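Just the one chain here, laid out as structure tokens, in the form predicted alone.
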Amino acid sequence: MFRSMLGKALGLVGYTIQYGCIAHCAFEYIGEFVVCSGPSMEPTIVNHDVVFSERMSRHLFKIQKGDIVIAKSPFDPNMNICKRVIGLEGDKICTSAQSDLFKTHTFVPMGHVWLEGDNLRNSTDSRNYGPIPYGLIRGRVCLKVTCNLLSTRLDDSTPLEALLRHLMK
């Protein structure tokens, strides 16, 4: 009897470890659902929107300009940020406001990306902390789950195109 119960308990522990490893690999290498908070990506992604962030693009170095990514905050490693990729390594980025008389530029160093929120007036992004290392990118947002449980693909390069396509459904 004891041996039977011990065998069942060890079998349960074995299955738990197996499924835990499968879940870890899925979240680490395939993707995860993320709840976005804050106004920096409005109107594309609003406060408390749920998005799916896939990880394969990051591992295959397939992040492109216009992609929305989830990255670790350069200020707080416990916090994730959701921003749009504006520049890749080697790109020249205008860092001055449109109203500035003299324009200032910076180059994105190798191994870094330039991130900005769609809501430029209310976003803390690379304009504040500079380019971030590619290694801080957690994944590329490819799907948004809206409040009425419809999904919207986010492959467009501009938030207006994504919004128009969503409204035409």
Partner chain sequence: MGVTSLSSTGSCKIQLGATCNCSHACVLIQGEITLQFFQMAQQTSAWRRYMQAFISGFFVAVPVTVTLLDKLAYVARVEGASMQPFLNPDVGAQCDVVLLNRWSVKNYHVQRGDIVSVVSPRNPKQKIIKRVIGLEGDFIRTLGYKNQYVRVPDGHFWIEGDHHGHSLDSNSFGPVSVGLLHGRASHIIWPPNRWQHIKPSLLPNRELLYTEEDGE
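Positions refer to the first chain, counted from 1. Source: prediction; values computed, not measured.
The next section is about a form of this same protein that is not shown, the form predicted in complex with its partner chain.
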_If the criterion is a non-hydrogen atom within 4.5 angstroms, does every one of Phe33, Gly66 and Gly139 touch its partner chain in the model of the complex?_
no
- Indicate whether its partner chain has at least one heavy atom within 4.5 Å of a heavy atom of Leu101 in the model of the complex. no
> With the partner left out of view, is Tyr29 within 4.5 angstroms of its partner chain in the model of the complex by any non-hydrogen atom?
Replying inline: yes
Find out whether any non-hydrogen atom of Phe52 is located within 4.5 angstroms of its partner chain in the model of the complex, and reply yes or no. no
Task: Touches its partner chain in the model of the complex: Gly87 (any heavy atom, 4.5 Å) - done: no
Checked 1 to 32 against its partner chain in the model of the complex; residues with a heavy atom within 4.5 Å, sequence order, are Gln18, Cys21, Ile22, His24, Cys25, Glu28, Tyr29
